[in-house]
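Single chain ahead, written as structure tokens, the form predicted on its own.
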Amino acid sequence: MANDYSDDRLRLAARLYYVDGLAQNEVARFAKVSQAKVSRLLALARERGIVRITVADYEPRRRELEGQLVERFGLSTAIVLKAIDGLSSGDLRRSVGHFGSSAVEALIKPRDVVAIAGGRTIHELVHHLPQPANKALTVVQAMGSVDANVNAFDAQEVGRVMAQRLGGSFLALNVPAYMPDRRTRDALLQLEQVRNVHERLGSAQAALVGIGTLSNSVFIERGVLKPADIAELERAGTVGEICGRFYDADGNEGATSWRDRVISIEVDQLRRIPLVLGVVSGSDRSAAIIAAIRGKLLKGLIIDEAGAIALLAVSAAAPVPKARKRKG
């Protein structure tokens, strides 16, 4: 039986494997067991405390880059995560989400109202939030559904997960994000259920948002924006998108027909939220990030190191007014 193995035999196996670097088949010969049982001996050695594995601490953040971003842009916080060169976009998002989640959890205070958008990197971050927690949050969906095919990356799904992991309730904005015309949009906003959720966004203390562009937006990816819409947004000087709100280089929402048809958190609501964290992976959205900071749509940033380096390089040629810091 496995429990009949003496501590001395377990010490022998552990010494040969962990200290002397022998292969498991060699350990088997010394310990007089079959090779198949060596893994069990090593596991027992850990269970009995004969082997205590320690790992040197890994610092996942680039603190010097964080300081540069805070100083350059006047952000309340910047979280820059290390990433191995050559990661796929999916693995990069997972890395940012995994290592950024604990920092986000620390920034969100008990009983905060948190506005949340959708997105792949936000999805990874939310699913890595530490639990259990009991922050008694109110998590509010920051924009309507992109289309009828709701997936795990959409705001209504990541919002539910965040409320479950950190503790609290979730308020869903149960409408499409994009209406056929302004009249329909305004009529929906008058419905009590929709109006109450939309107004609650205005009382948020924190928000998690993604940042898109006209070449990298969920609305384009899923065919919601038509060629005529894209052309109109281009004429308006669009450089970025947050929660379906397309804005120009100064962070102002363009006066387009699209603006009059979207149901989501409004630009002025975003500006009033003390902590709006942009969650980004990749280095293709520097102009959109700078414009959002210039327009006071962002107060904090979670980004990978390559993205941070690209952002600092672009901003060196285009000074950005500093954002106001969160109080308290």
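For every residue, the number given is its place in the sequence shown, counted from 1. For clarity, a rigid core is taken as the largest C-alpha set superposing within 1.5 Å between two forms. Everything quoted here is computed from the prediction, not taken from an experiment.
This protein has a second form, the form predicted together with a further copy of the same chain, left out of what is shown; the following refers to that one.
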property: Residues 57, 86 and 91 all lining a further copy of the same chain in the predicted bound form, heavy atom within 4.5 Å; result: yes
property: Stretch in contact in the predicted bound form with a further copy of the same chain, which is absent here, among 213-221, 110-118, 77-85, 152-160 (heavy atoms within 4.5 Å); result: 77-85
property: Answer option from 185, 98, 135, 72, heavy atom within 4.5 Å of a further copy of the same chain in the predicted bound form; result: 98
property: Partner contact for residue 29 in the predicted bound form: a further copy of the same chain, 4.5 angstroms, heavy atom; result: yes
property: Distance check, residue 16 to a further copy of the same chain in the predicted bound form, heavy atom within 4.5 Å; result: yes
property: In the predicted bound form, residue 51 touching a further copy of the same chain (heavy atom, 4.5 Å); result: yes
property: Residue contact check: residue 12 to a further copy of the same chain in the predicted bound form, 4.5 Å heavy atom; result: yes
property: C-alpha of residue 287 moved at least 2 Å between this form and the one not shown on rigid core; result: no
property: Post core alignment: residue 31 C-alpha displaced by 2 Å or more between this form and the one not shown; result: yes
